[in-house]
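Encoded as structure tokens, the following chain is the form predicted alone, with no partner shown.
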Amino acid sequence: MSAVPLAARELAIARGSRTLAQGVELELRRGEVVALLGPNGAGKSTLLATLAGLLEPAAGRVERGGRVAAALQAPALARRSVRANVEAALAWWGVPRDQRRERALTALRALRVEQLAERPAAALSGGEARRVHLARGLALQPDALLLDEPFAGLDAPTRAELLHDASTLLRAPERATLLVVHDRAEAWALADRVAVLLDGELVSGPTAELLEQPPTAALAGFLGFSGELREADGASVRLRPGHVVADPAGPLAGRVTHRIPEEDGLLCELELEDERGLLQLRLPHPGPAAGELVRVRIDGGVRIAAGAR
């Protein structure tokens, strides 16, 4: 049994005549969860479909060392019972008839929707349909499971509850899991590694390492390092709002150019003196007025060398 049931080698993906990414290298290992992030239109769903064999690669190859199952973004449940939906997937997968019922109920039980087994799928709420959709993928017991935004379209409490349950269910020693996620919080909650598809290139690494120490300015900007402190040698320190702290004795000063009210305070943008950059920080209400000078200190951030685009 291969330790790497799915891998991309020098892969290029395309949508129509447009190449979305090329030179993609990615290995999915058993026992590991990998989160795939990227801006809208970057090609995340196209990459997932290509890895699953639903689309042909534009170049390169996909190596499969086991069976691969994909659950696309829309649950697309048939007009039959919940259990029948899961059993239909098992039948297509080639599971013997006498095993399907127990496999289906076990997966539904794991997602805490076993009580819905005989309910018509059309009567499910959005959160329930998401759980059944995920149960259907888990019931197949594939070597590699690919999930396209499994938490999309859910309200915050329902999403948080499903994230909590998925954090243990998605990790299994015999399976590799790749999931396209909407934001960094989902990656933090679920993934051992993160892969970011940005400007046609895929960069991957351990979750904490990549999210906290992105190697390029473009990647840092996408990952929420919205502030920039320029240095004399051409390098820059990229900063999230949490890295900037208001301090009357702070070494840096900037004037407030934008104020964005938030639920728990105010997001302020500061233009630094001497044209050294722009910073963002969060302050309690009512916060400083536009044009007011605010002194700050830096606590964290990532230094990007000159030329690291």
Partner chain sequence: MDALFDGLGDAFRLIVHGDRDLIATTLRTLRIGVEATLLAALLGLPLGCLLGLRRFRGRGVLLTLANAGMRTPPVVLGLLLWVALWPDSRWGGGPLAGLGWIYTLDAVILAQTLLALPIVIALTAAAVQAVPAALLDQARAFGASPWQTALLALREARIGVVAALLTALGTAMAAVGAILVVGTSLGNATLATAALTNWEMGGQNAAAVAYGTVLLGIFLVLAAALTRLQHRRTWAAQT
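Numbering follows the first chain given and starts at 1. Predicted model, so just to flag it, every value in this text is computed and none were measured.
The same protein also exists as the form predicted together with the partner chain; that form is not shown, yet it is the one meant from here on.
| said: Can you tell me if L279 lies within 4.5 angstroms of the partner chain in the predicted complex, counting non-hydrogen atoms only? | reply: L279 lies outside the contact set for the partner chain.
| said: Although the partner isn't part of this model, could you tell me whether V68 comes within 4.5 Å of the partner chain in the predicted complex, counting any heavy atom of the residue? | reply: Contact with the partner chain, yes.
| message | Is it the case that R80, even though its partner is missing from this view, gets within 4.5 Å of the partner chain in the predicted complex, heavy atoms only? | response | Result yes; R80 sits at the interface with the partner chain in the predicted complex.
| Does at least one non-hydrogen atom of A89 fall within 4.5 angstroms of the partner chain in the predicted complex? | Judged by the heavy-atom cut-off of 4.5 Å, A89 is in contact with the partner chain in the predicted complex.
| A74, L169, A185, A160 - the one with a heavy atom within 4.5 Å of the partner chain in the predicted complex | The residue in contact is A74.
| field | the partner chain: the contacting residue among P150, P214, G137, G227 in the predicted complex [heavy atom, 4.5 Å] | value | So the residue touching the partner chain in the predicted complex, by this definition, is G137.
| Within 4.5 Å of the partner chain in the predicted complex, do we find a heavy atom from each of L54, W93 and A122? | Looking in the predicted complex, the three residues L54, W93 and A122 all sit within 4.5 Å of the partner chain (heavy atoms).
| query | Which single stretch, out of 137-145, 195-203, 228-236, 173-181, brings residue heavy atoms within 4.5 Å of the partner chain in the predicted complex? | reply | Flagged stretch: 137-145.
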